[in-house]
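Take a look at this one chain, the form predicted alone, written out in structure tokens.
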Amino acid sequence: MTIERLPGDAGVPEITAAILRDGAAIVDDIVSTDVTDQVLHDLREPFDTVGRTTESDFNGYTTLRVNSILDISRASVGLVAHARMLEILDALLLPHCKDYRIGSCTAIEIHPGETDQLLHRDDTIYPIVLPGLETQVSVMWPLTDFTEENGATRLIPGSHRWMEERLARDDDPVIQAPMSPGSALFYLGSTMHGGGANNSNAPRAGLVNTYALGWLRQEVNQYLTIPRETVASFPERVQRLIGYAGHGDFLGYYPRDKGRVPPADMIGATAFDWTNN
């Protein structure tokens, strides 16, 4: 059993059908490696300085993790808000919401000696299970080659269709998703997955972003994670993904232009000041 691989020019219906059927799919050659190389370069210092602050039994003890990606790497916009990726997310999430938002952005570097991460679902952060409703979708961008030896993401195809909530069993078919920079792994929030053991002699790095239905609380508080001066410099679509927008006509209502962050020189001004600017 394998995760289906599709070319970057495959149609959105074909890609989403594979994701909904198996719980995950790889789309090859979807972004330039110039983007992934720059993001990896931008993350080098944060990996080395703060990457160990989230060590735990779940996250691992030879795995580095960094958040605040949009504040660290301007180039990461090319992944976090990748146009082709958003078309796929539109097809998966918009049937259940008016718009969706970034739940989390996490750079992960698994170093040699790391063991298999506990297989888990990302959507367990939400205390609700409704058949046919996916609360979020994740996208893993490899920043270095992902191989079976160095810890490529492990998944259980079909686990999104399990009728009961349970942990993985020894007889469940766990597979890995080897891929190279330029490709992306899409998987549903209800799909069992986890980082793999790194049995190589070099680290492997990736950027994983989650996107949640717009009427749900975001996993990471993006308003506190990314300075508003930085947010104000982003295109409106990125601002909306970060969360600077209401959902429909009532959720998150605020008397301002929809989906717009005040310009940097107006940060701290009152709503009246900048809606009338």
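Numbers follow the displayed sequence, beginning with 1. Quick caveat: nothing in here was measured; it's all calculated off a predicted structure.
The next section is about a form of this same protein that is not shown, the form predicted together with a small molecule.
Checking I110, C105, V137, A184 against the small molecule in the model of the complex, a heavy atom within 4.5 Å turns up for just one residue: I110. In the model of the complex, G194 approaches the small molecule with a heavy atom inside 4.5 Å. Within 4.5 Å of some heavy atom of the small molecule in the model of the complex lies at least one heavy atom of Q117. Although the partner is absent from this view, F58 contacts the small molecule in the model of the complex, with a non-hydrogen atom inside 4.5 angstroms. Heavy atoms of R204 reach within 4.5 Å of the small molecule in the model of the complex, making it an interface residue. Only one of 162-170, 68-76, 91-99, 185-193 lies within 4.5 Å of the small molecule in the model of the complex by heavy atoms, and it is 185-193.
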